[in-house]
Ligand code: NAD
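Heads up, the chain below is alone and in the form predicted on its own; it's given as structure tokens.
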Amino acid sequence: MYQNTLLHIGGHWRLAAGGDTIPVVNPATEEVVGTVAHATTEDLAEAAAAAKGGFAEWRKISPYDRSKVMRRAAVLMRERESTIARLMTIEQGKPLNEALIEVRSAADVIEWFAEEGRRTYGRVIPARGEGIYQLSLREPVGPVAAFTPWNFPINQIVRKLSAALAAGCSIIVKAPEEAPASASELIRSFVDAGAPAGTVNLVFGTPAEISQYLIAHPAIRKISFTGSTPVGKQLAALAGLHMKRATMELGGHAPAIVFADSDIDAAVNILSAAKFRNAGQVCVAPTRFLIQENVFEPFVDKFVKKVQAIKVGNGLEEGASMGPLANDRRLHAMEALLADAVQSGAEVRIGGRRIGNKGFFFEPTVVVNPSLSSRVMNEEPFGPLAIMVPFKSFDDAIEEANRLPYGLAAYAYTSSTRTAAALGANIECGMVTINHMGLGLPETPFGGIKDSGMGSEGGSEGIEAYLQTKFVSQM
């Protein structure tokens, strides 16, 4: 069922101008399952011109009618969910049930922004003189270039795409070459729903070439990027050079703080599920588990038992609860991080090895007591590694939680409302969820601070980046 993926430019699905393609590999089998078109600068120039024309048309359509198109796209996503989810599992590796959740969540995001776009209100400012009207108007910023990664090939696009379209912008999506087919189906849902030609465009190719070309292009007025902090800093600098508005959703190293007075079983259940979802390849995954010392060993023991129950396998297989890593680069990264951690004095309680020699499978792993200077305590692992260290006091936990330059997400568990309030006030990150999993809903902001990015996606905040203010004073 897997087919070769094309570009979508100016209302047409087509091959790249040069005819080049990139192979797509199934990470569970290491087999090439298809190809994706590799865009040239000729394709990018056409996409930028198409987005400019699409914006001129789309911005004139009323928010009410734009909402109709978007709601229809959400309906199509739900109707096609089984096919899209299967494509995602084949190319990205995550279990089929996780892929289904991602497709369904995308439909929810589309619907939420479809309604939010109808409420981009301006205001009337009281004037100092008689007969003067002072209006603050909200207008779409213009054509958008969006750059997205492979770990959530639909989820990472849909927030940018939906917010942009709801605001009245057109968009060029540079989607991941590793997982192109599922991203393509998201774009197809908007095309089939009636988005005018040029409103939604899709390209694949060499990331550096595409970003440098599109960010500098005069037609593009806004960029949005999800990916690593080093690349995000480069793109933000390039956007600044050209005075382009930028939203950056970058890396993290999320602390998960568990106090002795918390419900340990609930913390273990929720945090273990969050840690090993998508084989740990999640920017908001809990990574540094900070456990109060008098419950450290009981927590680790319970967590290890949860890990023992995880079935690693091909995401299409019945019962598989964790799939492979997305590529061999992640395998090498896990092995290097673990070797360094063990050399620093860490103990591997469970896991720590590649599984088999076919497919990019790696054991879910628990590491305890690495040194503070070890790589795994300072670099985002982005894989199935749970790193556990004890702490004594509240202040100790906060100091470690805030030690790194990252500030994307944090988790905490306590039965004390006083402690919970203090955690929310003192943890330095863009999102904090206490005593439950509360991140990533369509109606809530999603984004980080410090080296984890700038701006938010999701919620009312998500559409703000795609709107600009115009002041009109009339007498």
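Residues carry their position along the shown sequence, with the first being 1. Here the structure is a predicted model, which means the values were calculated and not measured.
Only in words, not in the display: the form predicted in complex with this ligand, which the text now covers.
Asks: Wondering, does residue 249 line up within 4.5 Å of this ligand in the predicted complex on heavy atoms?
Replies: Heavy-atom contact with this ligand at 4.5 Å: present for residue 249.
Asks: I'd like to check something about residue 276: if you look in the predicted complex, is any of its heavy atoms closer than or equal to 4.5 Å to a heavy atom of this ligand?
Replies: No.
Asks: Report yes if any heavy atom of residue 135 sits within 4.5 Å of a heavy atom of this ligand in the predicted complex; otherwise report no.
Replies: Residue 135 lies outside the contact set for this ligand.
Asks: Is there a heavy atom of residue 225 no more than 4.5 Å from a heavy atom of this ligand in the predicted complex?
Replies: Flag for residue 225 set to yes.
Asks: Does this ligand, in the predicted complex, lie within 4.5 angstroms of each residue among 155, 411 and 456, using heavy atoms as the measure?
Replies: No, the candidate spot makes no contact with this ligand.
Asks: Heavy atoms, 4.5 Å, this ligand in the predicted complex: which of 86 to 94, 186 to 194, 200 to 208, 105 to 113 makes the cut? Say which one.
Replies: Every other range fails; the passing one is 200 to 208.
Asks: Using a 4.5 Å heavy atom cut-off, which residue among 244, 330, 288, 217 comes into contact with this ligand in the predicted complex?
Replies: Comparing distances to this ligand in the predicted complex, the residue within 4.5 Å is 330.
Asks: Select from the listed residues 361, 150, 391, 303 the one whose heavy atoms reach within 4.5 Å of this ligand in the predicted complex.
Replies: By the 4.5 Å heavy-atom cutoff, the listed residue in contact is 150.
Asks: Hey, which residues along 253 to 284 are within 4.5 angstroms of this ligand in the predicted complex, non-hydrogen atoms only?
Replies: Result: 283 alone.
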